[in-house]
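This document starts with one chain, in the form predicted alone, laid out as structure tokens.
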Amino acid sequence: MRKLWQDAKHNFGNIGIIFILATVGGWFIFMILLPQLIMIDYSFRPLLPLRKIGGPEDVYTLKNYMVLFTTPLHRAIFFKTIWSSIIVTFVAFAICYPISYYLAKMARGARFSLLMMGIIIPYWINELLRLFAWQLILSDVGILNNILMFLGIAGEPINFRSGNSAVILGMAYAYILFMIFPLYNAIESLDSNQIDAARDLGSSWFRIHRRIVIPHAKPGIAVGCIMTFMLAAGSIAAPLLLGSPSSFWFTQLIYTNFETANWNQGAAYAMVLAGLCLIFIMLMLKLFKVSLKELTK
């Protein structure tokens, strides 16, 4: 730590270090810490008319949190959001793992550049426009239904947006970069000689990935799963654009509370979602047996 401080002092000087620390500290305090503390404060206070705020009725209570557990519909939406976000994470991993491995260990030269550009370029377009594109593809008169009916596979348009499938598909596509890059970085650091040696000794591809590649890529898998799950659980655009009334997301419930000026209830639900994400992070670290230090390497 002392060496790091001395290096920073040598490179930036005392004024530079003070400016950097003030910028980082100000960002952390005013953009992260204070908003979270205000949300926590709102979540424990009852919804009162303006004239009663600060009065004897304005006391800390767990009422806003208990609404989730005493309202079957809200509870069902909450657990459905958790389960659907896990499915999005699994689908994204299933799609991105072979792509990441191919980019890290097999693609070379122009092929690597072409594939990387093909993955990145679509994400130069705003997420809302990409979700609108999926809406056009999956609609009753969309491209997919037209192809299925032209081939005779479907006799009438299929309502792909009736459940959660369209939302899950749209989210898995929207967040694959957050899964691909951590996986690619982890797999790319693996010595290819280990794979070659295992192959020469007769190991199957499944065994090579199970015993060599995946154990080495655990930090990348953990980061990718954490980022994808948190983005999926906190998404509101995808459920709004691709979902149906039956695919109502927990974030939409939070948004509805804030929109109707019930900030206290919305804050409580937002803190529940934030707590869920923290629990998921801890579970991923435990499952893949990685530490926070390993994730930041």
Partner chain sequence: MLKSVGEAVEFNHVSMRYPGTESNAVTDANVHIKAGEFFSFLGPSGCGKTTLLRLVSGFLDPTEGEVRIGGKDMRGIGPNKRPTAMIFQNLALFPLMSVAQNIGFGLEVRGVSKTERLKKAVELLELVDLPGVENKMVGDLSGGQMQRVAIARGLAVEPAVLLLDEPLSALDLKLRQHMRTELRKIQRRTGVTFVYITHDQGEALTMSDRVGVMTGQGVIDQIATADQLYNEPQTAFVADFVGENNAFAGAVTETDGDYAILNTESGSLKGRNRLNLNSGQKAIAFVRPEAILLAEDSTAVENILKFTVKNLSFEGSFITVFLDTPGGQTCVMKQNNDGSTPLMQTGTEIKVCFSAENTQLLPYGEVSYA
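Residue numbers count along the first chain shown, from 1. Everything quoted here is computed from the prediction, not taken from an experiment.
Missing here is the form predicted in complex with its partner chain; even so, the following discussion is about that form.
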Hey, in the predicted complex, does residue 129 get a heavy atom within 4.5 angstroms of its partner chain?
no
Taking its partner chain as it sits in the predicted complex, is residue 211 near enough to touch it, meaning that at least one heavy atom pair lies within 4.5 angstroms?
yes
Does any heavy atom of residue 118 come within 4.5 Å of a heavy atom of its partner chain in the predicted complex?
no
Would you please decide whether residue 193 lies within 4.5 angstroms of its partner chain in the predicted complex, comparing each non-hydrogen atom pair?
yes
Sort through 155-163, 142-150, 214-222, 106-114 and report the only stretch with a non-hydrogen atom within 4.5 Å of its partner chain in the predicted complex.
214-222
Considering non-hydrogen atoms and a 4.5 Å limit, which listed residue (73, 94, 201, 125) is close to its partner chain in the predicted complex?
201
